[in-house]
Each structure stands twice: as structure tokens, then as C-alpha cells.
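Quick heads-up: it's one chain on its own, the form predicted on its own, in C-alpha cells.
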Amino acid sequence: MKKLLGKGLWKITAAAVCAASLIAPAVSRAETIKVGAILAVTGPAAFLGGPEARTLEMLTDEINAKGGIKGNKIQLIVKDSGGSPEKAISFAKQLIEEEKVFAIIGPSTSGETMKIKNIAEEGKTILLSCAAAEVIVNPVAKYVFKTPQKDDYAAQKIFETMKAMGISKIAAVSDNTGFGQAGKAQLAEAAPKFGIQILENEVYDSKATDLSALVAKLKANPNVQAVVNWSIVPAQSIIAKNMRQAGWTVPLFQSHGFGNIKYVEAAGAAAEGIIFPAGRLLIADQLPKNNPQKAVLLKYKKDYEGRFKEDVSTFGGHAYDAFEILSRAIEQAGTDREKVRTAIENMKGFVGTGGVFNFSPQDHNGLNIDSFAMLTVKNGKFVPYTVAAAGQPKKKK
């Protein structure tokens, strides 16, 4: 009797379980989302890649501590390219083909990004570049986005400021990297629109450790009223020191690649008065209370500086924006990569460190020229730049 009862109970229980499984809603299984990052953690571009890698580490830890994105934990895989395009190519293939990553953040430099842009496209892998050259997203590639502001906007902001200062004749110098050469082209294209004449236009080796000969050549032209340097390498500090050593006091403008206080520290007193365009992260505590970015900027600054004991930089901000954009898209669209790509492409009103992003199928950067502010170096610190506050440019001695 007991045996029969046991069998009967087993049949009823089994039937109940089957019925319950048919009625209960399906429960989605949590996944591990692999996110690759190709960054110049070491090498001449480490001022870019180092803060980017540390930022991604911090954000990954934070989001996983909260349970991930809808229960999906992030696995961050960082590859140190050292700024080498060849290494970037190898790592991109490895991340896509072997690691099967969901998306890639980086690379740090424009030259590296352009080398792997087609690899990401062919692998149908989302690429959120931390580099600035406009050619990264122009023409638009389906899977490729970038978070830094466009370099043509940087050129326009520089020339707007020059025009307000009464400067019309300049020397332009750039390094021989992809970023430097893209900037050289943007300066040449934008200058006539602002009535600016580029009297000298020189290119130098990104590995240069002394630019005194170049400075002497530029200084020999008595009509040069200002210099624009477009690079992301230590030469940003070197040219400032060489100009000071030569007693040349014309204004020095840098590109948006100058947005790390370490470049100021490397140049020392020669950095004083350098003018450059940048996002507002570097002056977050000086923004008015009603600025839409202020809360985001101050939180990132506090979190990063508290954890790593170093000043926040524009470049770490580019990685912050890339990670948060990807996270928001996954939150909205789930773990289907095509749906996430579409979510990024149509994302509006995302407040990041670089500005307020509004992507579209025609714009895979999502920022406008107002995302830039003009900054200068005063007493070794970054402060907002205004022509009225600075006065007219100094005359060449």
C-alpha cells in the first residue's frame, strides 16, 4: 500500500511540476558580458591610456558590485597597445575572434583606431573609440562610434579665440601621428573661414625630444603672431619649454590633446598661459550650479581622484563616456548586440564628461561645438579662458 501511495504521490508531484513550468514565466539567465579595451597604458601615449584603463577598472568594479547590468556581470579585458597601431590590430583580432567580446572600448589614439575600424566592422563588433580624429566617424561606419569631441570643432574654437584676440597670422605645427595629421588638415581647412593665414606649417616626429630647431625656424618669421601645436605626445610640453628658452613670447595654442595636467607638470613654468579647447571636466568645480554636466563631472572627479590619488583628465573622461554609453544601451536593449548598437545610434540626451550626447544614424559622435570650452594654464592649474580676462596677445620681442 505504501509503495502504491509513494508512486501515486510521485506522479502527482511530477505532473504538478510540469504544469507549473508551463505556467510560470521564463526566467532569463544572467550572462557575463565581455568588454574588450585596447588602450595605450604604457608608452608615449600613456597620459591618455593610463587614465582610460583606470577609469574602466573603476566603473567595472562599481557596476559589478551592484549586481551588474540587469544581473549581467561585466568582464573587462584590457590590452595594452603602447600606442602601437600594429599591436592594436593584433589585439582587435584576438578580442573579436578568440575572446568573442561584446564590444571594444578604445583605442586611445586616432592612428590605432583607424587601423582597426574595418576589423570592427567586419567582425560586427561595437567599437567605442577614445580618440578624437573626425575621420573615425566620417564617413559613418555602422559599428564604430567615438566619445571625444570632433577635431574640426577644436580648430574652430581655437580660431574663434584668435579672431577675438586680433590674431590673423600664425604658425601651425603637428606631430606625424594620425591625430596630428588629421588636426593639420582641419586647421588648414578652417583657417580661411576665420580670416587666419597659416604662414608656417611644419610636421615633426612624435618621438622628438627637442624642438628647438623647429622653434628657431618659426621664430625667424617676424609676422607670426601665435603658434598652434597639434599633438598628443610629450612634445606638447617640449615645444612650450623650447619657446620659453628661445625668449619667444607669442601665444601658444594646443589642441584638445592637452587635457591632462601631467603635460602642464612636464612643461613647468613654460606651460603658463597655454590656451586650448577641452571639455568641462577639467574645470568642473568652477562651473555654475545650473550646468547640466556639473553633477556628473564632480562625481566622476571625486570617485577617480579618491581611488587613484591623481588628478582626473579629459582622457579618462573619454573612457568614462564610452563605458556609460555602452552600459545604458545594454540596460535598454538587453544583450543582443545588434539591438545595443541601434540603441547607441539613437541615444539622446546622455550627459557625459565630454558633453551632452545626441547620436543619430548620421552622427556617431553625438556632440556639438558647444561641448568645448576654452581653457588656459594659470599658476599651474587649468582655468576658463576669456579674451577680456587675458587681454591682448603679447607682442613678439
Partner chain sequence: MAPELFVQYLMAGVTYGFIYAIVAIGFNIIYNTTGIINFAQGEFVMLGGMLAISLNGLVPLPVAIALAVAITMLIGALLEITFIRWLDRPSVLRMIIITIGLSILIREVALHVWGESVRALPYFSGNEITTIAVLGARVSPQILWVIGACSLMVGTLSLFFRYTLLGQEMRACAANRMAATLCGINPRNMVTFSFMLSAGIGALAGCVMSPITSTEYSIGTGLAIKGFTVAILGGLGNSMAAVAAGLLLGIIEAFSVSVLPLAFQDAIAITILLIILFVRPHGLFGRKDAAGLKEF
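Residue numbers count along the first chain shown, from 1. Here the structure is a predicted model, which means the values were calculated and not measured.
If you look for the form predicted in complex with its partner chain, you will not find it shown, but the lines that follow are about it.
- Exactly one listed residue, out of Ala213, Leu199, Leu298, Ala188, brings a non-hydrogen atom to within 4.5 Å of its partner chain in the model of the complex: Ala213.
- The partner is absent here, but in the model of the complex a heavy atom of Ala270, alone among Met165, Leu76, Ala270, Ile119, sits within 4.5 Å of its partner chain.
- Taken together, the three residues Val203, Lys217 and Lys241 all come within 4.5 Å of its partner chain in the model of the complex, as judged by their closest heavy atom.
- The stretch in contact with its partner chain in the model of the complex, judged by heavy atoms within 4.5 Å, is 245 to 253, chosen from 99 to 107, 245 to 253, 124 to 132, 144 to 152.
- Within 4.5 Å of some heavy atom of its partner chain in the model of the complex lies at least one heavy atom of Thr42.
- At the 4.5 Å threshold, heavy atoms of Gly178 stay clear of its partner chain in the model of the complex, well away from it.
- When contacts are judged by a 4.5 Å heavy atom cut-off, Arg54 counts as touching its partner chain in the model of the complex.
- Although the partner is absent from this view, Pro234 contacts its partner chain in the model of the complex, with a non-hydrogen atom inside 4.5 angstroms.
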